[in-house]
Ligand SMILES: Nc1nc2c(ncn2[C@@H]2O[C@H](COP(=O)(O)OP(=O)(O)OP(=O)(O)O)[C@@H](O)[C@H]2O)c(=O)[nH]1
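Quick setup: one chain, the form predicted alone, written in structure tokens, and binding and motion questions come after.
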């Protein structure tokens, strides 16, 4: 950090005539024996606003501690608080009927969230016309850690003759949850906010081995900006390893071609090599080829494993050589559950919130949350205040001039009226003076003041 020292005027030894031009000697020619806070504030403002002072590019200084302080224990505090408060997670499963959605959820969380379905299905004369939205919430606990799990199912998706808008009820439900959270944010009392937003959507793809169907593409294209999409190939045990590999390549090619964004694990600068390698292995498995089973079967050697038994052998659910179920569970629960929630809140929800508020006509003030130099901000406020004072002074001058002109006009009018009255009175006095002089002359000459009236001539009969 390069800067030129500027002596303080409150030190008489530094404030001397021999001080350099960069000092504040020009501001304070003589030492201030008893400076006021206003003087010191003015000196600081001039010092840091001078052209010789340069602010550092990075004001954060890294320091090494000379001993144990204790803030390294903060993660433990967060851990205790989180365990006490508990966690919550909301996931949605979408796919056509018969792809094993309920079985996979039971397998993922190793509990019976969905009861076993009966083989006999009761026929109903009424056929549902739209996709239903069903939510199941359960409190589960593992080693003292509590998790409130909500699974949103979408029965009826893709089961109709016309599936053109099967995605719409699901999108409406996701946005309705965003709206409910936005409404809670706008409340005066926000102590009891409930987050029921969808944090992950597991989309089940039929194991056709060819490519994505138009229904799959349309669904993911409509929802990839509202939810974390995790595509999985259901019942992958019906495909060979080579068919699964080719099928995955075709699915990823379709996703890339249609600019569909699926969930990608974030990378942090402080991640170690083991974590980075683990994340790469997980991302390399997308879309996950999975097999779900909550039943135990006997494998080779008499082992009891979760899987499916066929005449040619046993498919183990928890065996990474048989399917990608372990990688899916690892990403969804063990390593990236908080990242899924964070991305939902910081990116997906914020984008929706911005679009919603802008559609309502609410604009963001660009000056809000803007990082500024405090002294520069003070200078701008000072200039703004001076401009305001100058404007007020100009307005007061205009008002004063208008009042003066109005007063002058009234005085001029009064002067003209007085002059007219004076002239009129002067003429009246002059007339009275002339009349008095005329009467004086008559008196002096012996003539009557009033002139004699002449006798009128008339007719007379006396001659």
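Positions refer to the first chain, counted from 1. From a predicted model like this one, the values you see are computed outputs, not experimental measurements.
Beyond the structure shown, there is the form predicted together with this ligand, which is absent from this document and is the topic of what follows.
With the partner left out here, this ligand still marks one of 68-76, 167-175, 219-227, 89-97 in the predicted bound form; by a 4.5 Å heavy atom cut-off that stretch is 89-97. In the predicted bound form, this ligand lies farther than 4.5 Å from every heavy atom of residue 285. In the predicted bound form, residue 212 stays away from this ligand, with no heavy atom inside 4.5 Å. The closest non-hydrogen atom of residue 237 lies within 4.5 Å of this ligand in the predicted bound form. In the predicted bound form, this ligand stays beyond 4.5 Å of every heavy atom belonging to residue 199. 291 is the sole member of 331, 291, 340, 151 with a non-hydrogen atom lying within 4.5 angstroms of this ligand in the predicted bound form.
103 is the sole member of 163, 344, 103, 279 with a non-hydrogen atom within 4.5 Å of this ligand in the predicted bound form.
Residue 310 is the only member of 310-345 with a non-hydrogen atom no more than 4.5 angstroms from this ligand in the predicted bound form.
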